[in-house]
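Quick setup: one chain, the form predicted on its own, written in structure tokens, and binding and motion questions come after.
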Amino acid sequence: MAERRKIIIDTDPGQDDAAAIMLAFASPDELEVLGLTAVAGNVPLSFTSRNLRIVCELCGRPDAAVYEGAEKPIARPQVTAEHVHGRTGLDGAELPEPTMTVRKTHAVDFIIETLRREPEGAVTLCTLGPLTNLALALEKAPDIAPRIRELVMMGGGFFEGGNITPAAEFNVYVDPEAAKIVFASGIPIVMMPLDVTHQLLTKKDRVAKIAALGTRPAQVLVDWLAFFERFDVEKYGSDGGPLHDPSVIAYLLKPELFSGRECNVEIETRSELTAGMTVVDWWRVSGRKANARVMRDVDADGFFELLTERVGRL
């Protein structure tokens, strides 16, 4: 059996974030979730914290450690995406308010304390939203950077352009200053851009297989996906919407589903037109040193088989 990886999930749920968290909790043999940290992103922090706890309880994990982090980006006004995710961020399914409580420690301090406590190279960070919490942790405690095994992040785009502006993907656009800090930190980064996630479409036959599981978590996920995809179907004209965030967890479980290459990635923070753009040197023309493994292709059917099989375990 492969080793069990220790992970921290930093997230702004979001229906696709919820699917990622479900995938992680459904895979306890491979992943040990040390804690989950909420950040403002898809919706304000009060909702992302609530949504995170709703998902933990849906997965039968009211014991999970949940921490609240940054309420706003490092240097910019807050941008949210209720137009995609609904008022609460988890519209589409009726669920009870969570009863589990948030831990008292701030998410940034939890990240720092955990990385200092665990052996060097033991903890993988999984970011599903803006990179604010991680950037603040790196600013406050630069000593943690070499202790991080890997950062697997959903964010950015290159060949696919952006999804919130023509040039920028939402997670990076919301807090490009944070992304700039993270990409300059020397942490080993695996980047799941829109180039990959736009291939992971919630097509009717794929969602039908999740529905056929017949469990409550599966049905809730199907309801969330039905709500979430309506915006993307209209926007992209596709059968189903792209399921972005679970790509991060799927990569940890089955890296062979993905392929990409080592690239230099710089974050644009100054331009009006392209703020938040991830400038990926795919063709290695800049002479700049590679700082991320940028994924470009994915076995979408294999991804949905994995997601469906694991959600069935919850």
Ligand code: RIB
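So that there is no doubt, residue numbering starts at 1 and follows the sequence shown. Just so we're clear, the structure is a prediction, and the values are computed from it rather than from any experiment.
The protein also exists as the form predicted together with this ligand; that form is not presented, and the subsequent description refers to it.
In the predicted complex, M154 approaches this ligand with a heavy atom inside 4.5 Å. Interface residue remark: N171 is counted as part of the site for this ligand in the predicted complex, having a heavy atom within 4.5 Å. Contact check for N163: a heavy atom falls within 4.5 Å of this ligand in the predicted complex. Of the heavy atoms in T37, none are within 4.5 Å of this ligand in the predicted complex. Comparing 92-100, 71-79, 107-115, 239-247 against this ligand in the predicted complex, the single stretch with non-hydrogen atoms within 4.5 angstroms of it is 239-247. Contact annotation: of the candidates L194, I148, V222, L136, the single residue with a non-hydrogen atom within 4.5 angstroms of this ligand in the predicted complex is L194. For the stretch 260-278, the set of residues having any non-hydrogen atom within 4.5 angstroms of this ligand in the predicted complex is empty.
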